[in-house]
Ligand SMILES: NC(=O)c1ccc[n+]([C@@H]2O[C@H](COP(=O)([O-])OP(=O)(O)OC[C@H]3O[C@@H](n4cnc5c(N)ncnc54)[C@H](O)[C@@H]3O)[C@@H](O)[C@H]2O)c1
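One chain comes next, on its own, written as structure tokens: the form predicted alone.
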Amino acid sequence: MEQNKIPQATAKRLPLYYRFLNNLYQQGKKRVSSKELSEAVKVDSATIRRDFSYFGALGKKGYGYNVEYLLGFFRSTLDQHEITEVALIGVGNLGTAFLKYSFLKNNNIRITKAFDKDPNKVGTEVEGVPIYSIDEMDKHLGHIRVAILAIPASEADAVTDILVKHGIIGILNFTPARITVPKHVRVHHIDFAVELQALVYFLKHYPLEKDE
């Protein structure tokens, strides 16, 4: 099945499955059931089976899933054999945390360049990643096509225009701003304040039942 025919909701869960399967493989586990997967990744079994069905017969009824085979399959599906270089825009508290986030060093994603306007940071390194002036992105972005935006919202649109102009086609936006981009550029918005408000709302209006 062609990748673009897989529902986007399914595609967003694939890295979650991959991470758990990789952990199982490291532990030496040979097989796993959809129930075990469900309990680990907090996705119901029916959804997992439906997600996997888009890729054909990945498991056997009564046996479950072969961990090594499934891990290899998702590694290929997620292009884990290819390194994706990412540019970090903004090296404040949040940006610095991204540079130190060890998970980024254990998969196929690498933040290889960072940009900031603080002259005290420009020319330095964090975790081996060089920090360049945000005014010189045109000189240093090179072949990078993915960027993380961790700057003040007031600067987001202007910086995004520069990123797009120099070939960025994927942006993970951690600013509250809803940036405007051309149709060929994909943006994923992550707004901590909105997510926290949603969590509080659900706690008040959709409380979960306590375990007996």
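All residue numbers refer to positions in the sequence shown, first residue = 1. Note that the coordinates shown come from a computational prediction; the quantities given were computed from them, not determined experimentally.
The same protein also exists as the form predicted together with the ligand; that form is not shown, yet it is the one meant from here on.
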item: Contact check for Tyr17, Glu39 and Glu68 against the ligand in the predicted bound form, heavy atom at 4.5 Å; value: no
item: Partner-facing stretch of 146-154, 26-34, 45-53, 181-189, counted where any non-hydrogen atom is within 4.5 angstroms of the ligand in the predicted bound form; value: 146-154
item: Heavy atom within 4.5 Å of the ligand in the predicted bound form - residue from Val129, Val86, Ile134, Leu141; value: Ile134
item: Partner contact for Leu94 in the predicted bound form: the ligand, 4.5 angstroms, heavy atom; value: yes
item: Contact of Phe98 with the ligand in the predicted bound form (heavy atom, 4.5 Å); value: yes
item: The ligand contact in the predicted bound form: Lys113, any heavy atom under 4.5 Å; value: no
item: 4.5 angstroms heavy atom contact with the ligand in the predicted bound form for Val159; value: yes
item: Neighbours of the ligand in the predicted bound form among 159-185 [non-hydrogen atom within 4.5 angstroms]; value: Val159, Phe174, Thr175, Pro176
